[in-house]
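First, one chain by itself in structure tokens, the form predicted on its own.
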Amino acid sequence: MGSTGDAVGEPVPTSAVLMAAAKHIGTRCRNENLAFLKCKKDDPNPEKCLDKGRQVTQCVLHLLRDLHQNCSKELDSYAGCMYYHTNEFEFCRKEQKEFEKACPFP
């Protein structure tokens, strides 16, 4: 796995990238995720929560852009390790530490 970005520099949200950014996503997109889950709980009709789902997706994509701009080398290294080791965190602690040092989560 080379870079976490595509040909035009946009981050590609593969499972390895999403797993590597999970703590950041959980922190930064918490409110959007909670609103989406509340909507799903309150209304069984999936169409009613599409807007909330889009808000979660947009939050994650904006976060990935920020991470890609601010610490792409460390994100690439961590996501590459996660890809190689089938998203097993315990094999990528060194890369995780470097990524979280370069881009601490809020």
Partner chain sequence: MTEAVIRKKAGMASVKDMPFLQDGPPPGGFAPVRFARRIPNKGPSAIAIFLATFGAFSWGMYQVGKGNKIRRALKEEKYAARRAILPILQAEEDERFVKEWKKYLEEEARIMKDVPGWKVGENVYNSGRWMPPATGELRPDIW
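Positions refer to the first chain, counted from 1. Computed from a prediction, not measured in an experiment: that's the story for all the values here.
Just so it is clear, the following notes concern the form predicted in complex with the partner chain, a form of the same protein that is not shown.
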Within 4.5 Å, heavy atoms only: does K23 come near the partner chain in the model of the complex?
yes
How about Y84 - does it come within 4.5 Å of the partner chain in the model of the complex, if we only consider non-hydrogen atoms?
no
Can you tell me if V56 lies within 4.5 angstroms of the partner chain in the model of the complex, counting non-hydrogen atoms only?
yes
Tell me, yes or no, whether R93 is in contact with the partner chain in the model of the complex, where a contact means a heavy atom of each within 4.5 Å.
yes
Residues K73, F99 and C103 are flagged as a possible site; in the model of the complex, is every one of them within 4.5 Å of the partner chain by some non-hydrogen atom?
no
Could you run down 45 to 60 and flag each residue that has a heavy atom within 4.5 Å of the partner chain in the model of the complex?
N45, P46, E47, L50, G53, R54, V56, T57, V60
